[in-house]
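This document opens with one chain alone, in structure tokens, the form predicted on its own.
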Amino acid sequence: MAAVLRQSAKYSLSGRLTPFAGPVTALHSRNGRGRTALSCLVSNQRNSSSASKIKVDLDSNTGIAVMTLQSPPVNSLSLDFLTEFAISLEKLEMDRGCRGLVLTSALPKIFSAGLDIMEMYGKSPERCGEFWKAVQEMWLKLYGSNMVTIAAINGSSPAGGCLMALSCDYRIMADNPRYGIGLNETQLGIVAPFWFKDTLVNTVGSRTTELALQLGLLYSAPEALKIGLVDQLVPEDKVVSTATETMAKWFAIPDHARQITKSMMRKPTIDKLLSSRESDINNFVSFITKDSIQKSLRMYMESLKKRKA
């Protein structure tokens, strides 16, 4: 586990540099979906597509799309990655033939290591703001999706990777105690933004969240199951197939009833971010561009280079 996280950290902060929050889009109506600015950039028509960092395969017979994260070495959440992710998700949301999404990774032993540290080090305030807005969009679109969303977690998923999994409706993780998942921001002296916190509270409850965030805990797969951070453990080679099979019980519920219920549960959390999106971006930019934080990032990257050497 430590080796995986050390390798991850070279390229990403594992989501640990995210003390503030950003924008969201509310649940779309899949019966009368309006076209957003993002959706205008892409075509409605699709069967299967792959791009440099995201691969999407939609089975028109089942209505299930499998989105595979394929950005070596650790699926770091860079600006390019997040932009491609948002576009891919928007395309599926607009496709009436898609009812469910399985999110997984093509990389061994890692789901996603979280936010890319290089997006936050030595960048202009404008670039940092653009990056944070993209992080917000990822959460808003995934957490507010009308599709059934299942995370097929086939490796470690710290910080930002954990947030991505938490944003789904259901989480199936590989039954491997070496894989860890959690919002471990405080281990680097960073504070998780309020919408990270709220998403975890909605999943595991207030007391467990308080302990997890203060101590920056990474839970092993069995521990994550015990606290309700994930819903099911299966053999590693069965994670994706189990996720697609699990869709059946979700598809058995009328879409409109399930979507309205999901909106009822998640809308307060989404609205909380939407009401403070710009201030959240400004707060993040102000924080991340501080000399002291930039120095900490530089020292962190230097320590990783020494470890590798």
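Please read all numbers here as calculations on a predicted model, not as lab measurements. The numbering used is simple: start at 1 and walk along the sequence shown.
Keep in mind that the form predicted in complex with a further copy of the same chain is missing from the display, and what follows is about it.
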*Which of 52-60, 236-244, 252-260, 66-74 has heavy atoms within 4.5 Å of a further copy of the same chain in the predicted bound form?*
252-260
*residue 209: heavy atom within 4.5 Å of a further copy of the same chain in the predicted bound form?*
yes
*Answer yes if any heavy atom of residue 118 is within 4.5 Å of a heavy atom of a further copy of the same chain in the predicted bound form; otherwise answer no.*
no
*Applying a 4.5 Å heavy atom distance criterion, does residue 201 contact a further copy of the same chain in the predicted bound form?*
yes
*Look up in the predicted bound form whether residue 94 has a non-hydrogen atom within 4.5 angstroms of a further copy of the same chain, and give yes or no.*
no
*Identify whether a further copy of the same chain in the predicted bound form is within 4.5 Å of every residue in the set 83, 110 and 130, based on non-hydrogen atoms.*
no
*Though the partner is not shown here, which residues of 263-278 have a heavy atom within 4.5 Å of a further copy of the same chain in the predicted bound form?*
264, 265, 266
